[in-house]
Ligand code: ADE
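Starting off, we have a lone chain in the form predicted alone, written out as C-alpha cells.
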C-alpha cells in the first residue's frame, strides 16, 4: 500500500481512543488560549515561542509542560476549552468515541471547586457531541504518587458526583515505588458501584505490576502493559481472558520505555493473541496523533490493512460503549476494510 493510500485508509477507519489524558491532550492552540487567559502562569503567549516551549525534548521537559498546563486550569471555562479542543482534534482524525482520563484530585488540590470541574466536563462533553460529532466518556483516575489519600478522595468524588459519561476508574502516575495493592479497597468499591477498572501497569515497571493490577485491582483493561511481553505466562493469561492492552507506542518511545517504534512489542503482543488497542496518552506533548500511531505500526512493524482494521475493531470491542453502538462501528470498519 502506498503512503497516500495507507494514510487514506487509516483516516477512513472509524476509530476509538481509550487512553488519553485530558490535561495531556492540550494542543498548542488550546494552550495558547489558556496562556493568554492566564498570563500570570508564565506560559508563552506568543505562538512561535509557545511552539518552541511545547516541542518535546525529554521526559523532564514533558513534565514541565504538563504541569504548566495544569496550573492554568482554574474554572469550568478552562476545562470546557480543554475538552472541546480535544474533541476538535479527534474529529479531524475520524475518531468517533474516546474514554478520557481525568484526574480530579489534582484539580481539587490546585484549588478548583468540584462543581467547576464537573460543569466544565459536562458542558465540554455536550459541545463535543453537537459541534464535532465525537462522543466522550470519562475515566476518573488516582494520581498514584499521592498515595492512599488521593485514592480515597478520588473514589468519594467519583461516587458522590457520578457525572454523566463516567464509565471507569483508573490509576496513573509513577509505577516505581507505588504498589497497586494499596489501592485495592478503592477499586473494589468503584467496581461494586458499576465503574470499570482500567489501571496503568507495566509501563515503567515489569510484568509483576501487571499481575498486581489484574489480581489486586480487578483490571478489565491495562493502561500500557508494555512490559507484559517479558512474561510468556502473562501474555497467555491476557490472551486467554481477552484483557485488552491500551498501547501507546509513541509515548513509550518518548519516555524511553522502548528505543523505537520498530522495537516496540506490539507485533509480539498480536502474535500471542493479545487484544491490542492503539492510543496516544498525551498526544500533542509527545508529538502523537491516533492516526499517526496506526501509520507508525503499519510502516515500522509491517502491519497490513486487515491488521489495522483489526486494531480499530479491538478498540471498539474493548470500549465501554453500548452494544448497539459497538455493532454499528464494527460494521463501518468492516465496510472500510472491504472497500479499499
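All figures in this text were calculated on a predicted structure; none of them were measured in a lab. Residue numbers count along the first chain shown, from 1.
This next part talks about the form predicted together with adenine (ADE), which is not shown.
From the list 28-36, 293-301, 275-283, 48-56, the contact stretch for adenine (ADE) in the model of the complex under a 4.5 Å heavy atom rule is 275-283. Put simply, residue 173 is close to adenine (ADE) in the model of the complex: some heavy atom of it is within 4.5 Å. By the criterion of a heavy atom within 4.5 Å, residue 89 is excluded from the residues contacting adenine (ADE) in the model of the complex.
None of the heavy atoms of residue 306 is located within 4.5 Å of adenine (ADE) in the model of the complex. At the 4.5 Å threshold, heavy atoms of residue 78 stay clear of adenine (ADE) in the model of the complex, well away from it. Residues 15, 17 and 140 are none of them found to lie within 4.5 Å of adenine (ADE) in the model of the complex, as judged by heavy atom distances. In the model of the complex, just one residue of 66-93 lies within 4.5 Å of adenine (ADE) by at least one heavy atom: 66. In the model of the complex, the Cα atoms of residue 174 and residue 62 sit 3 Å or more nearer to each other than they do here. Inter-residue distance, residue 56 to residue 178 (Cα): reduced by at least 3 Å in the model of the complex versus the depicted form.
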